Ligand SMILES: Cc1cc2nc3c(=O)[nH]c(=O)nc-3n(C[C@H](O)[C@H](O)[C@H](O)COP(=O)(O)OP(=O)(O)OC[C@H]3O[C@@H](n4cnc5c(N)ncnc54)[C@H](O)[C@@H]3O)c2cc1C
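So this first bit is one chain, no partners, the form predicted alone, shown in structure tokens.
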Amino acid sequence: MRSYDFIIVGLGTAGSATCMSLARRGYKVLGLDQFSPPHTRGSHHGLSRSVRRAYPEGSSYVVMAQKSWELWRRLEKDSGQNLLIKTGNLTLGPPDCPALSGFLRSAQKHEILHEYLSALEVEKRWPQFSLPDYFYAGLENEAGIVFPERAITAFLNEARQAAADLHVNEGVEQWTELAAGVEVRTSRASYQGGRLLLAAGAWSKNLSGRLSAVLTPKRIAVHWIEPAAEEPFSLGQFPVNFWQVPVFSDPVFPEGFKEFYSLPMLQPGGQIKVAFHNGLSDGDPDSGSHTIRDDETTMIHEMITAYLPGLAGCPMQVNACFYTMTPDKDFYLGRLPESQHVFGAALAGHGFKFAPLLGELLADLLLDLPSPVDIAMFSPERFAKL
């Protein structure tokens, strides 16, 4: 039975970056994935992810976003790949909605370059948008887009170059915690390790024991639209945009807002990506959850017609993606309850922008090293009584 310092289950966003970080530090690392990343079954596909630094969810995220930007640039140099490109990022909604008011507080507190725009100012600058008169927008001027498939490939290539063993198309069937480490059994073999990280995305729920009680896989219908006129929706002409639209007495959106976003076309002949961020249904990545329902596409059509009318009626394709949500929608980073050697990572649908830093932070956790960032708000201890 082969033995390793660390075994990482899942080679997507968090797992691939953690393998790279640990292997670069000289540890013997085994990475396992039931598929061959990057793939289209989980949450790290889809060509583009937004990157921003003004973060309404908390100061820890802002510090992490700033450090992650630097690490993305470092990974670009190491890998010789273009991974991150600058573009504007708009947050749109009523002035008192949580997303917009939180954006402004974060941008002001952390002195992040931004603008506050009226509906008229937004439409004058970007006539692609149609806003109610009472809407406003916060613009983060120097945000960006990162390319997830390219990034996952870079993490894995760098991990291999640092001598990590990466086994793809090898699913984990069972793990057992021992007095001095862990044993992991897969479809091919058994392995021993000093510590184990479960970073399998939507599949972590079935691997994580008590952790499963606080993880809920959510399925996202991602819509890809071919604009009739490409230039207005191309990168550089069309900013990343996130909307909070008020709704009333709608059980699908109990928060009182519909949240959706769109990202620009990345190259000529490409597509606009549009999806909801809330109101998502529970999903099982191994079942028919990849099938898109008619009502999901109908709701997106309603949003497009109202707020992005230039895309209404354009050809559309749809596929599925998965978030792994926690009850408070913040990350889960740390040791599993009542465990000494097993750790978990779940990113609640907004983690990719932090990927290179998450690899460093998770490596530190696995090594019992102090974190350079305050990550107390992500501790599994907050769920101890659930």
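Not measured: the values here are computed from a predicted model. Residue numbers run from 1 along the displayed sequence.
Form predicted in complex with this ligand: not shown, discussed below.
Visitor: This ligand isn't shown here, but in the model of the complex which of Ser68, Thr326, Ser339, Ser50 has a heavy atom within 4.5 Å of it?
Guide: When this ligand is considered in the model of the complex, the option within 4.5 Å is Ser50.
Visitor: Can you pick out, from Val182, Leu83, Ile220, Leu117, the residue that has a heavy atom within 4.5 Å of this ligand in the model of the complex?
Guide: Flagged contact: Ile220.
Visitor: Answer with yes or no whether Leu361 is in contact with this ligand in the model of the complex, where contact means some heavy atom within 4.5 Å.
Guide: Leu361: no, not in contact with this ligand in the model of the complex.
Visitor: Contact between Ala143 and this ligand in the model of the complex at 4.5 Å, heavy atoms?
Guide: No - in the model of the complex, heavy atoms of Ala143 and this ligand never come within 4.5 Å of each other.
Visitor: With the partner left out of view, is Cys321 within 4.5 angstroms of this ligand in the model of the complex by any non-hydrogen atom?
Guide: Output for Cys321 is yes: heavy atoms within 4.5 Å of this ligand.
Visitor: Is Ser21 a contact residue for this ligand in the model of the complex, using a 4.5 Å heavy atom cut-off?
Guide: Residue-level check for Ser21: no, no contact with this ligand.
Visitor: Could you tell me which stretch in 104-112, 305-313, 228-236, 194-202 has residues with non-hydrogen atoms within 4.5 Å of this ligand in the model of the complex?
Guide: Correct option: 194-202.
Visitor: Taking heavy atoms and a 4.5 Å limit, what residues of 348-371 are near this ligand in the model of the complex?
Guide: Going through 348-371 in order - heavy atoms within 4.5 Å of this ligand in the model of the complex - the hits are Gly349, His350, Gly351, Phe352, Lys353.
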